[in-house]
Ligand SMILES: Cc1ncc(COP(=O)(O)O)c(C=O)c1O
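Given next, in structure tokens, is a single chain: the form predicted alone.
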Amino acid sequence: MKKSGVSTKCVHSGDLIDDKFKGATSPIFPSTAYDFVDVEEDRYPRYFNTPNQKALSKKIADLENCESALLFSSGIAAIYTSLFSFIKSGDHVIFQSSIYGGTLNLVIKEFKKFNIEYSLVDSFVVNDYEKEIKNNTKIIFVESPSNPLLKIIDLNAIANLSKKYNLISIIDNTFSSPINQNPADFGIDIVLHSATKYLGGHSDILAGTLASSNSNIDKIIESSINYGGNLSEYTVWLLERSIKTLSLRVKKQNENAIKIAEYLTTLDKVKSVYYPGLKSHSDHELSKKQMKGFGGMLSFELSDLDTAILFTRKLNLVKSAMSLGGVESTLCSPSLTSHSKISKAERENLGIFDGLLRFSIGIEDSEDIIDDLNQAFEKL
């Protein structure tokens, strides 16, 4: 049977059929109490096996070319659960240092409580990760493109390194979405998303997803049931509805982002522009090899924090917002939001200076976004 295209998967994979009324959309099964007599399995929301959860998990798995998937109440719940399903006291984990600030905060604040060691690698050269491997290392965790500087790491090389030392490789694939990048195709073991972002796409859902092999998912479920980070059926239903348009939204955001990135490179007031779709980006050639589109995220740097905040206040169309991936274009300061929980010195060590603005490109007409940016720059 011919494999479906990605847009078809967005709409039809994991369909939950309305057998009774023949409706075109998936029905909602909001019950938290199911019969336990003469049933194939005991259904319970915290067991990740209710009808809506199972149907949407199939869609996520299909989109990421994985065998199975799970849904969580937030992206950080998916991250925490994926990590703690494979590590225990005395173990060691290697992290790319340029990752989501919430993940860094989790590692820095929580790992020491459980006597878990970690290394932060301030590099995108895979050999530097091999140098950090110890006898007790269990996981390599990366993010590509990275948050917020859009750096790219060689996924195939990370996967091969992990297999060489019998480690679990995990990636936060949020910035790419399954439309632009499928890390499992390069051998990555576990693929994570903050579904609050592109998968939800309308800035009204808090959720996370995790996709992997059946064997990994079986192991993760053992811990997941105890952690209680599953998603409500109502949010599952909303997320499924949103994913049906994921391909259309992301492709428009890709199209807009390259135009806006190129526009920003022409401005004297902009010190730097970070977008893997630009030929000037240090990882442009690698991103072409492993991404199908360059994404709707970019960052650019102004002179300082005061200028960055003043600029956001002059915008009319583009919103100032902490999250990303919605249909509307939004700007935020990583120093004040995603990376605010780490020190200024730590941020600057990662290349995140106070004048940096992270730009989530929406699906508006690109000309209107550029006009709004232009009038704000003129007022600086």
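Heads up: residue numbers just count along the shown sequence, starting at 1. Under this definition, the rigid core comprises the largest set of C-alpha atoms superposing within 1.5 Å between the forms. Here the structure is a predicted model, which means the values were calculated and not measured.
The following text describes the form predicted in complex with the ligand, which does not appear among the structures shown.
At a distance threshold of 4.5 angstroms between non-hydrogen atoms, E240 is out of contact with the ligand in the model of the complex. Heavy atoms of I79 reach within 4.5 Å of the ligand in the model of the complex, making it an interface residue. Contact annotation: S177 falls outside 4.5 Å of the ligand in the model of the complex, judged by heavy atom distances. For the chain shown alone, R249 is not a contact residue for the ligand in the model of the complex, no non-hydrogen atom being within 4.5 angstroms. The listed set S299, Q96, T196, S169 contains one residue whose heavy atoms approach the ligand in the model of the complex to within 4.5 Å, identified as T196.
The listed set I221, L206, I258, L286 contains one residue whose heavy atoms approach the ligand in the model of the complex to within 4.5 Å, identified as L206.
Look at 68-76, 249-257, 83-91, 116-124: in the model of the complex, residues with non-hydrogen atoms within 4.5 angstroms of the ligand sit in 68-76. Contact check for L150, E262 and F294: none of the three has a heavy atom within 4.5 Å of the ligand in the model of the complex.
Using a 4.5 Å cut-off on any heavy atom, the one residue of 86-104 that reaches the ligand in the model of the complex is Y100.
With the core superposed, K59 shows a C-alpha displacement below 2 Å between the shown form and the other one.
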